[in-house]
Ligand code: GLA
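Below you will find one chain, with nothing else, as structure tokens; this is the form predicted on its own, and questions on how it binds or moves follow later.
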Amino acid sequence: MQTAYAPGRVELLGNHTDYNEGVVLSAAIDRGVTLTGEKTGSSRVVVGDSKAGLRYETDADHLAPSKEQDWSNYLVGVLDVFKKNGLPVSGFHAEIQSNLPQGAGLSSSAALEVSTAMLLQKLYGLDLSRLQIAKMCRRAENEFVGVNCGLLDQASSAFGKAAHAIFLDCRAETVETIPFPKGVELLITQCGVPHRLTGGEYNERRLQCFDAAARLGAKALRDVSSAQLEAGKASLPELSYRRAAHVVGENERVMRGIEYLRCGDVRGFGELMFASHESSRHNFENSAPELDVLVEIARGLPGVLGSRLTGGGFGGATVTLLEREHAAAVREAMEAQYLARTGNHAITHLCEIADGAR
């Protein structure tokens, strides 16, 4: 019996930059998905979560997405991509255990994919790089699951490093880890409103970004600076300008954020997080009133360095960067003040920046 683990991730800066060929800063967290399994000695595949009452069986020689048990597609899709890459894999049994909170935008799907890849590598004696694993897991989600995601989630899970941020260049598909200042923690706060980013809204924003880039004569918004955007403002509809302003600003905030981390300026980094959320709220309009309240509360609490929505937006969760000695007090205050202001219960999770898949 073998065991593999892959963590969830949190996006620190770089909101909706991935499909604009931009840059992102993320971090793996100390919550994730563990798979325990063994080869079945045949083409039989059995995956499940006995605690949740989930079980799915299929044949490794006849793989197809399941509509009835779509959770299984994240595991089986990785097996499918491995086989399509000519890797000598076949049947296996795996039991899932997860301590990742649901609905918090921490990418449990990528953690499940990466842990599956790590388990298959161990079971079948493969030698794959972490970048190969991340790319194959993304391909599984794109082609087998049917979600047109970028590389951020899988790369963050694969490359995570304790006390380090992950810098992903979405165009070059390169990953670098950046040391994070000591004495800080992350507070993930679920607002109680599930993600409302539908396919239509997501695609609408993609098209608005692509249109803005084309009007500015650029291949992608990655290639546009703030100065160039301002110079070309007259050629853009007002909505396209605001969408572009968010993405261009996010790319620049990521690069400034790396500078702040390298010189140990965690307060400067936190201010970029606040600025990122304001841009999401005003320019990209992918926040929600509940997320705005959480960020506003966080800004007024001692020990908070920065706060912003994380993930796609339209509900979900915020990530708050805070000084470790204030963590318990901030968590308590966030829950109490949010309940008082909205009547909703916030679900909070204190997380450390942790190592990646293993």
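Quick note: we count residues from 1 along the sequence shown, nothing fancier. Computed from a predicted model, the values in this text were never measured in an experiment.
This protein has a second form, the form predicted together with alpha-D-galactopyranose, left out of what is shown; the following refers to that one.
The stretch among 28-36, 52-60, 308-316, 323-331 whose residues place heavy atoms within 4.5 Å of alpha-D-galactopyranose in the model of the complex is 308-316. Contact annotation: of the candidates Y202, Y241, F180, F167, the single residue with a non-hydrogen atom within 4.5 angstroms of alpha-D-galactopyranose in the model of the complex is Y202.
C149 is the sole member of C149, A213, L123, V145 with a non-hydrogen atom lying within 4.5 angstroms of alpha-D-galactopyranose in the model of the complex. Put simply, E21 is far from alpha-D-galactopyranose in the model of the complex: not one heavy atom of it is within 4.5 Å.
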